[in-house]
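Before any questions on binding or motion, here is one chain by itself as structure tokens, the form predicted alone.
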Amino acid sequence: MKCFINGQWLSLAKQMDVVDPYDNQIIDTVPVATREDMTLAIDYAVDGAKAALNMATHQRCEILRNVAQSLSDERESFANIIAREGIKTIREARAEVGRCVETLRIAAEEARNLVGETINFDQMPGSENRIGHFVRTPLGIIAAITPFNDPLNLVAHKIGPAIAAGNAVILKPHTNTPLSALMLAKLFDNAGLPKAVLQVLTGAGREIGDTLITDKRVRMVSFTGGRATGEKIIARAGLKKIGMELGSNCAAVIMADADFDKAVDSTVSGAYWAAGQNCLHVQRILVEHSIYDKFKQAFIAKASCYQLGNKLNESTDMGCIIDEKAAQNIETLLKDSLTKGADLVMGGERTGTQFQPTLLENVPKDARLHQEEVFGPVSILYRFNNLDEALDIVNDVDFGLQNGIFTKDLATALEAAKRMECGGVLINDTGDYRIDAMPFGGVKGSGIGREGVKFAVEEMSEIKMICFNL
């Protein structure tokens, strides 16, 4: 495949292979862009931002709707590429395509909802002859940097709102998973998006990422990825808007009065969806003492039925880790916990990029697994005696994206929602639940700002006040 620069599909001098992490088979090749290529793309994006600004609202709506429909028509080919280039099973990939269609449809709706308000200037003595209002205007050029775990829908969560708000956007997809992003760009191209409103450059982040984020003409950096990279971007970006979703170490609290079967089903799914490579991965599972042993056995029984293998096989329940290095990192975190006294309840074995669904208990607080994000199919069981104790454990990490609590007691649910330090609290769901219209983001080390289409559109615009002195 080729890069998409200034409305043209270009082959560059250097190419790189895109491989299936399950079997290392080459799927396709993509260009390796240089700093000079990125600078040229930003040059073009200056004109692209002017073109985007001059697009009527109905034009932006129509393009986004048409892309959503085209994606729906081609959902199986997109799902196949998502599964092959990344870590998802074909069933998980189909779900992602369905969500991406919804994300783009919501973006089309939100383009028409980007409105301002009138201001009563006569509330101030001496301003009786003044009237005015404020409007929301596009920022200009948005830098979008996306991860491997949702290589299509998280791209749409940046491109869709950026276009809805009237911006130009330059996308740098993850090095391992660029194909679905390029396929989506083709749909935008076919839908008649003016050239340079969207550009997609592939290659190494260390080569082109720094050029993109530091250029003063880029007015916002929207990044989803690891915390260490996010902190480097913040340090380098300069005076511009920042949107950061940096992962988490999510918790699920199971009270004794919970719907037991729902709690088991939800936590197993939250622990092992996308092989745990999910910012909403249920990493810590806190179970009230009186049902701990029963819950543990039920969790093991359900998780032990998971089928690993070829991601394109309809019967496969869990895919692979994105690459061998990432799999080794998970192994290192696991060994650290076991060395410090944790007990392995199930799993723990790795074969290449295949990692078994894994569960531990008695993980000490000084273990890295307790404090860090594992980004793999490893979860921890904790026993607690009362809600206060559970919430202390939940909040004992420097992350706060989404957490869940299972209970039938309204007072307990409200108390947990009040005291959990996170961007979202799910009652009788794990934090792994998300729809694409809701506000999404975290506190502490989990990031800055909110995604979710409406909220991203607001982040990708700014207020301009207009006042008439009559």
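Keep in mind the model is a prediction, meaning the values are calculated, not measured. Numbering starts at 1 and follows the sequence shown.
The form predicted together with a small molecule exists for this protein as well; it is not shown, and the discussion that follows is about that form.
- 233 is the sole member of 274, 71, 342, 233 with a non-hydrogen atom within 4.5 Å of the small molecule in the predicted complex.
- With the partner removed from view, the residue among 304, 313, 229, 269 that has a non-hydrogen atom within 4.5 Å of the small molecule in the predicted complex turns out to be 229.
- The stretch among 99-107, 116-124, 242-250, 83-91 whose residues place heavy atoms within 4.5 Å of the small molecule in the predicted complex is 242-250.
- In the predicted complex, residue 308 stays away from the small molecule, with no heavy atom inside 4.5 Å.
- Proximity of residue 380 to the small molecule in the predicted complex: non-hydrogen atoms within 4.5 Å are absent; the residue sits far from the partner.
- Though the partner is left out of this view, residue 180 does not reach within 4.5 Å of the small molecule in the predicted complex, counting heavy atoms only.
- Within 4.5 Å of some heavy atom of the small molecule in the predicted complex lies at least one heavy atom of residue 205.
- At a distance of at most 4.5 angstroms from the small molecule in the predicted complex, none of the three residues 257, 406 and 424 contributes a non-hydrogen atom.
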